[in-house]
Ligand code: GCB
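Form predicted alone, single chain, as structure tokens, below.
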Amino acid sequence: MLERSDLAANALFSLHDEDYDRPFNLQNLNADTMLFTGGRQGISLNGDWNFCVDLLDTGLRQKWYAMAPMPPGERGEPWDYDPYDGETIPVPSCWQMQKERWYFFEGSAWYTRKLTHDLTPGNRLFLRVGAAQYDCKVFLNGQFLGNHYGGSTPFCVELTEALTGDDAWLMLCVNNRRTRDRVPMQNTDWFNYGGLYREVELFETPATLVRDLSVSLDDGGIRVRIAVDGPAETAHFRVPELGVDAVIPVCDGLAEDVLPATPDLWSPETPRLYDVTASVGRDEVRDRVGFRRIERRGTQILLNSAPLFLRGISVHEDDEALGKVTSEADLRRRFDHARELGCNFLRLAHYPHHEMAAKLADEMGFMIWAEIPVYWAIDFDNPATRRDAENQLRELIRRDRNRASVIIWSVGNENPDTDARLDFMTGLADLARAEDPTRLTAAACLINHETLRIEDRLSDHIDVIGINEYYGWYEENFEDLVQIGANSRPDRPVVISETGADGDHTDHGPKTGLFSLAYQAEVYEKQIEVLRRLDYIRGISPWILYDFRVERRQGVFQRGFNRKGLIAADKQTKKPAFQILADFYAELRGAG
């Protein structure tokens, strides 16, 4: 393809150039280029896009992004891919869920669509992608604008300068290939979906705009921080219900102040939210914010100065039919099931979930453990890997730090305790505190099952110690859990961040023994019996609410799914263990 065209330059060289990706891997679309979009009127780009899988990255080698539309009869050379015509795919979606031949596909895929936008002179135009798995390169009218790493956080790119002419062509190259230096790396325990699987939108703004808005409770009232992009002398901040109406000076692009106010405090029992507005010049953004205090004191977790026990459940972002694509109805069903269990808390594992989840949790009164996918054996010695993890953490925090429901930033899960990992993870914990000192930090740490102690050195550098334990499943003696507490004597809160057992509810499932519903129920009963005696535990989030898809689990009773869910993958069929946990949480609520 294109061997005789001006685009090819040296066509044979492009076939053998293994550094072809280097010019397109700037990772310049990151936390610093995010745009606060609360209250803005977006222009949806959801719908059908032209689509082509590209396993060998031929498109980057041969510059598909620079091809101009041309009728087939006028072409002087054959095209391997026509970005302007042919196969289409809906956005948002995961390509695995669209066609069987794409089910296990890992590599690049090209998305193309026409943009017709009449930009007001002097204004700016931004593209926002809710999430693309995993590396997304953005081209407009053949110009490379940048790329973003991370499969679960949003990113923005300004289109203003590249938007020329009446017809603009937007092309996104999305790559979900797992590599050792990415976060997560190759070996994970959830399905590696690919594609533009969250919403894609355009936002038009004035030349001077509110880049970011952070609002939180402070000892003296409400702390507000407005990041301004463009020339401005003042910013305006309002919370009408609290009588807050302040003009704040802008210095070096920041307007920051603590404004006197006494808001009603947010809690799961009274999820009070306030409308806030920030503006600079002609630009205005809005949000709904709850105010609360979360802290640790010794081995206690305190919400608004009251001791707290986290009655939780873990959740993956996975759907039997749609993959990672979610909706408000799907999320409300999730929270309704959590409420039926008696939860006040959810662990959103093992990556940032859709931003709507935390917004609904604010509204419905649930607390959230939010996490980045520093999972298992990340390449902790690699500076590029660390850069990726730090950016994903910053993007998650900047996206969700106005959500009262989010009480914990988790920096990872089940990592081997090495010097490189300790430096990597403590750096992430420090970064989380620097970005947002109003929340707790956590990680799922390792237990030494020989000495029966929490010996993970990271536990000294975080606020909440998560432990994943599977007594009755991967480990045998439930009494070990009692001994772990006695031997470790933790000086900070411990949350059982995972526990459980598989139960195959289908006709394939056994009636007794491992993978039976009866055995899953028995594990929960024994787990709860031991938990009643564990005074060092401050919460629990069993694994997991729904069965979920995963490549690594291909046993006769798994068949490509982790079946530890209390509800089957259809998100309707409850297993007996569901009611056992619900009864235990009712008991805890009754005990205060």
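Counting begins at 1, following the sequence as shown. None of the values given here were measured: they were computed from a predicted structure.
Note that the form predicted in complex with this ligand isn't included here; everything after this is about it.
Residue N468 is the only one of N382, S216, T426, N468 with a heavy atom lying within 4.5 Å of this ligand in the predicted bound form. Of the listed positions (D257, D189, E390, D436), a single one reaches within 4.5 angstroms of this ligand by any non-hydrogen atom in the predicted bound form, namely D189.
Remark: Y474 counts among the residues lining this ligand in the predicted bound form, judged by a heavy atom distance of 4.5 Å or less. In the predicted bound form, S108 stays away from this ligand, with no heavy atom inside 4.5 Å. Not displayed here, this ligand is approached by E498 to within 4.5 Å at the level of heavy atoms in the predicted bound form. Taking the partner from the other structure, this ligand in the predicted bound form has a heavy atom within 4.5 Å of a heavy atom of F548. For this ligand in the predicted bound form, the listed stretch (69-77, 412-420, 139-147, 513-521) containing residues with heavy atoms inside 4.5 Å is 412-420. In the predicted bound form, H350 is the single residue of 322-353 with at least one heavy atom within 4.5 Å of this ligand.
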